[in-house]
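Have a look below at one chain only, the form predicted on its own, in structure tokens format.
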Amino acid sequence: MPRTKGDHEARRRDVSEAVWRVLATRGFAGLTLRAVAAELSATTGLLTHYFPTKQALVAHALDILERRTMSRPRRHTGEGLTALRDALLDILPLTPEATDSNRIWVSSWDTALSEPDLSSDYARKYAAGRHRLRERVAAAQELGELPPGDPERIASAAQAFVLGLVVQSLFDPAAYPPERQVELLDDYLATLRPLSPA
């Protein structure tokens, strides 16, 4: 019986899920056709129909990572400083799913840094993230929740702080459990608030 388009799409979804599981456990360094095939209990020959080269496999993995990141639920608990806090919390590895996603992002940095096109693409992604944070900083400044100043600079520092916290949390999860990450973020945000008049 001939395979239908639905069969092909279902198999492609299975392959994508296997790629994700390999990334979550082994990172980009462990992403090989053999590892994905083992995860699927399939042959590497089957996978070459989807990924004729390692570069095609990596490109697909990066696409999965981007789509999953963009489709993750986001917090929306308020405006101004609350919205900025929400955006930063959304970056942190506070859940198993967010931990997997962050582990994969961090493991992809080596690949991105070694390929100029990918490196430029990542620079654009992080710039877009800073722009979204900048808008929230500016809104908090308008509400008087943050002092005047260059919102781009504040957003850049906030992004750098939270990405550093991501890395430390991934390397030492016992020292940086979710509640500790939230405490540290709140401590950081407190340093940005205007001082109360004496």
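Predicted model, so just to flag it, every value in this text is computed and none were measured. Residue indices: 1-based, along the sequence shown.
In what follows, reference is made to the form predicted together with another copy of the chain, a form of this protein that is not presented.
In the model of the complex, no heavy atom of Phe51 sits within 4.5 Å of another copy of the chain.
Shown alone here, Asp110 lies within 4.5 Å of another copy of the chain in the model of the complex, counting heavy atoms only.
Another copy of the chain is not drawn, but in the model of the complex it has a heavy atom within 4.5 Å of Ser114. Although the partner is absent here, Ala10 lies well away from another copy of the chain in the model of the complex, with no heavy atom inside 4.5 Å.
Only one segment in the set 63-71, 34-42, 164-172, 137-145 has any non-hydrogen atom within 4.5 angstroms of another copy of the chain in the model of the complex, and it is 164-172. Along 143-160, residues Glu152, Arg153, Ser156, Ala157, Gln159, Ala160 each place a heavy atom within 4.5 Å of another copy of the chain in the model of the complex.
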